[in-house]
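This document opens with one chain alone, in structure tokens, the form predicted on its own.
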Amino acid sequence: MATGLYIHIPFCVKRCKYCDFCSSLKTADYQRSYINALLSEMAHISRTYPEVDIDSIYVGGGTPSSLYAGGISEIFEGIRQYFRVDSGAEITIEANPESVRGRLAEFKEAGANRISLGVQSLSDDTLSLIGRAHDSTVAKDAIEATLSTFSNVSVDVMLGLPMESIEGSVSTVERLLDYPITHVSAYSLKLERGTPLYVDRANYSFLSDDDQAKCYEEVVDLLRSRGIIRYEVSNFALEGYESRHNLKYWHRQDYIGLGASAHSHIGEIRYHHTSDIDAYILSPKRRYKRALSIDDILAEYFMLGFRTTEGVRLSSLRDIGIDVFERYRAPLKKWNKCLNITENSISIKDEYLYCMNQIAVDFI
């Protein structure tokens, strides 16, 4: 079966003030212990799913480019030892500007054909305030270096960062479009409880909800004018450059997640690992299992499907015996003006996609 493979690398050069991901600042020796555990898990999973063909690989984090030299090569040697990888597989590695330049040759040789670069902003004041390890000069140099080695480059930006105006966020996107990037992930800042930015939030100004929505709309229009089209609420691509791996998540297709905090979806069972890195290293084969109920499955179809411009595929629901127009009569009526409804799909109209959560909740 065609399956995606996600590898979590929980290491960073520096922890950003908004981050609550599973990540740590650790030495190369500790990182090697983690990679050894990851290889052990690969061997175990390959025996568990011997029939799997991998058609997309995504190495995320954390910051994979902060791994010790040769670490990425070791991971891909393990992948090819334990899994069948399709010759046309999309292979993405996440990287940050401060650590990518010396790693590009290794990534290319390992087999990567797509890089996702975490820029977030091109304002030096903003980058310093949120605790990023690079400035705008380093970011621009990293983009140029990455594009000299890879033709398929995605860039991450965050909209509505503290002390930043609508114009500031839009300006970052405008300057990024000076480069021949193929994909943009544009996320609105979410203050996560317990992060330094959340704790100190009273000391900063943030965009209001209305201004955050306006900023998002301006970015959508700007990207569209350059042929970079939204295909998911936060993701935009030139035609043919949509992230095939991430589409697996939104379409509820099978994927295997390896590493601390990683999740998997196989059939209608979800698995996850502990986010405790030490515990993962001690027991990399241990996963927590949850079989999905019909209500879980339906909730996922709407919450994930509504994220995409394609919407919820009704054929998938018919296959499990669900008459959408009967079961969801009330929310369909309530949100009718916000939805594109056909015999084959239900999607949220462009102008209402930013309100996706409120709409999805009524279907769930």
Partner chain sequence: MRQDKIRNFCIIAHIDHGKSTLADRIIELAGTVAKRDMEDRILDDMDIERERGITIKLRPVNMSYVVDGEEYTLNLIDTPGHVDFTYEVSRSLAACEGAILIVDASQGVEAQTLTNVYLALENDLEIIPVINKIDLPSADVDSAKAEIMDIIGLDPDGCPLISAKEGIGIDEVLRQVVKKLPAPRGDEDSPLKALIFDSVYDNYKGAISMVRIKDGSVKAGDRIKFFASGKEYDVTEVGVFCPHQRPVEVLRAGDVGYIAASVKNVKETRVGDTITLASGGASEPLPGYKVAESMVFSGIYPTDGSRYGDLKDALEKLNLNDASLNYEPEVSTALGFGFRCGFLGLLHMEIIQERLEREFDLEIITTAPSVSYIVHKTDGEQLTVSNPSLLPPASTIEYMEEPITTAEIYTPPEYVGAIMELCQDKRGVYKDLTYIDASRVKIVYELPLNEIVYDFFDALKSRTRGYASLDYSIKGYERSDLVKLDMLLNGDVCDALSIIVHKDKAYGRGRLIAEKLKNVIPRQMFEIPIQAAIGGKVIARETVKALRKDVLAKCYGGDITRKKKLLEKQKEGKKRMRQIGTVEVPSEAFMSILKLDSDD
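Not measured: the values here are computed from a predicted model. Positions refer to the first chain, counted from 1.
Beyond what is shown, the protein has a form predicted in complex with the partner chain; the following relates to that form.
Q: Can you say which of 309 to 317, 327 to 335, 34 to 42, 65 to 73 gets within 4.5 Å of the partner chain in the predicted bound form, counting heavy atoms only?
A: This holds for exactly one stretch, 327 to 335.
Q: May I ask whether 6, 352 and 360 each come within 4.5 Å of the partner chain in the predicted bound form, counting any non-hydrogen atom?
A: Checked in the predicted bound form: all three residues contact the partner chain.
Q: Mark residue 233 yes when one of its heavy atoms lies within 4.5 Å of a heavy atom of the partner chain in the predicted bound form, and no otherwise.
A: Residue 233 belongs to the contact set for the partner chain.
Q: Just to confirm, residue 174 within 4.5 Å of the partner chain in the predicted bound form by heavy atoms?
A: Result no; residue 174 lies far from the partner chain in the predicted bound form.
Q: Give a yes/no on whether residue 187 approaches the partner chain to within 4.5 Å in the predicted bound form, heavy atoms considered.
A: Yes, residue 187 is a contact residue.
Q: Looking in the predicted bound form, any heavy atom of residue 322 within 4.5 Å of the partner chain?
A: Contact with the partner chain, no.
Q: Would you mind picking the one in 167, 209, 200, 239 that has a heavy atom within 4.5 Å of the partner chain in the predicted bound form?
A: After the contact test, the surviving option is 209.
Q: So the partner chain isn't shown here. In the predicted bound form, which residue out of 276, 86, 192, 221 has a non-hydrogen atom within 4.5 Å of it?
A: In short, 192.
Q: Heavy atom within 4.5 Å of the partner chain in the predicted bound form: which residues of 299 to 317 qualify?
A: Heavy-atom contacts to the partner chain in the predicted bound form: 299, 300, 303, 304, 307.
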